[in-house]
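Single chain ahead, written as C-alpha cells, the form predicted on its own.
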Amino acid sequence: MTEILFLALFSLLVMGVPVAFSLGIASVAALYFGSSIPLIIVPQKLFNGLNSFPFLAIPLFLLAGNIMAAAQISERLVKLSGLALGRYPGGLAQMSTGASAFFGAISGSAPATTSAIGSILIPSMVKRGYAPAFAGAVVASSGALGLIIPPSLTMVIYGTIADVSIGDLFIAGILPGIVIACALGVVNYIMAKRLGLTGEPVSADMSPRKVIAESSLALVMPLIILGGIYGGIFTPTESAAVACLYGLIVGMFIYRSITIKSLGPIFIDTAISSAIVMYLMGTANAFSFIITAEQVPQALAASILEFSSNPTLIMVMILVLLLLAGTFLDNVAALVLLVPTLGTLILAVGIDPVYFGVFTVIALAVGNFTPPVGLNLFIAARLSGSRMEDISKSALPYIGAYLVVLVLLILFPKVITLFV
C-alpha cells in the first residue's frame, strides 16, 4: 500500500495537480488498490482532521492579517522604519527589511508582507537608482520574515500538526526573527557599499512623534497576542479573535481606512484562503493515517538512526531536505507532508519539538524567494518589472544570510529555546 501511495502522490505532483488534491487522490488510490480498508475512512479522516478547536486559529489569524493589511498600515510602518534606518547606506533597502519585520509581526504571511511593502518601496528604490532586480530581491527576501516573526500563521499550522504549544513557538521565534532581520540588514549594508547606494534624508514633514504615534497602534497588536498567550489570559485561538477585533477598531475608527463596504472583500478573501488551507489539512490527515498505519515514520527514523544518531548531523540532513522541499512546495504543503514523518525522528534523538518547529519554519521560508515556485519572487517580479531569473541571482547574498543563521541555529540550538 505504501508504494501505491507515494507513487500516486509523486505522479500527481509531477503532473501539476495541487497538493491538496494529490494527497486526497493518492490516499484513495492506496486504499482502493492496496488495502481492504473501506474508502469511507477517507471522508471520516478528512473531517476529523479539521474537527479541532486549535484549527479555528488559522482562519482567524488570516482574517486578522487581512484586516490589518486593509487598514493601510504599511505606509505608516515604512515611515517608522525610515525614521530608524533610512539614514544608513542603502537606506531604502534597510527600510524594506525593517518595514517587513514590522509588517510581518502583524500579517503573519510572507506574500502579504512582500506585496504590502514592495508596492511602496520598490518603485521608490527604482526611482532612486536601485537596479529593479536588486530592489525585488531585497523585498522578496525581507518579505519571508512574515513567516518567521510571531505571530506566524506557519507556526500555528506546525503547532496544530505536531501538537506543540503555539505560544511557545511564538516566544521561541522572536529572537531568531530578530537575528535574521539583522543579518539581512548587514547584507543590505555590504551591497549598498558595493553599489554606491546612499542613505535617505529625513523628510521635513516626517515628525518623529507623529510617525511613532501612528505606527504604534499597529505594533500593539502582536504585543497583545504574545502577551495574552504567554500571560495565560487567552489561548492562541482566542488571541486571534482578539486580534481581529482590535484590527477592526483601529482600521475603522482610528485610521478610518476600513469601511463597512470594504469588509465584504476582506471576508471573502479570508474565506477563500481558509478553505484552501483547511482542505489541505483535511486531506493531509487522511494521508497521515495511511503512512502511520504502515509505520513509515518509524521505518524512516530507524533507517536514519542506523546511519547516525548524532542530533547535529541529523539536523544538517533535515535542513537539506527542508530546503529542497521548500523550493518545490509551499510552506503548508511541506509541513503537512514532512512534520508527521520527521516528528518521530526528532523525538528519537532528543530534539526539542519547539526548537524543531521554529527551525523548520525558517528553513521553509527560504523557499518563498527561490525558484521555481517562490511566491515572493512572483510578486517582486511583478512589482519591479524584472524577470524572476534576475531577481533570483540578486537574492543569492540574502539566501546566504538565511543559511548562515540556520547553520548557527544547528550549532547553538539554545538560541531558539532561550526564553521558552
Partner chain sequence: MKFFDLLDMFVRFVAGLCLFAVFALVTAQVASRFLFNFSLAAASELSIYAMIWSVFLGAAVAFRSNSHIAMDILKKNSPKPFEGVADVLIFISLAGFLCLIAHEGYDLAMRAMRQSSPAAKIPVGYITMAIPVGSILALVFLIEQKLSPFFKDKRHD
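Residue numbers count along the first chain shown, from 1. Computed from a prediction, not measured in an experiment: that's the story for all the values here.
The same protein also has a form predicted together with the partner chain, omitted here; what follows describes it.
At least one heavy atom of Tyr279 is located within 4.5 Å of the partner chain in the model of the complex. The partner chain in the model of the complex is not approached by Leu411, whose heavy atoms all lie more than 4.5 angstroms from it. Contact annotation for Glu238: at least one heavy atom lies within 4.5 Å of the partner chain in the model of the complex. When the partner chain is considered in the model of the complex, Ser215 lies well away from it, no heavy atom lying within 4.5 Å.
Proximity to the partner chain in the model of the complex, defined as a heavy atom within 4.5 Å, holds among Ala348, Val296, Cys244, Val187 only for Cys244.
Note that among 163 to 171, 228 to 236, 298 to 306, 121 to 129, the stretch whose heavy atoms approach the partner chain to within 4.5 Å in the model of the complex is 228 to 236. Taking a 4.5 Å heavy atom cutoff to the partner chain in the model of the complex, the contacting residues in 22 to 39 are Gly24, Ile25, Val28, Leu39.
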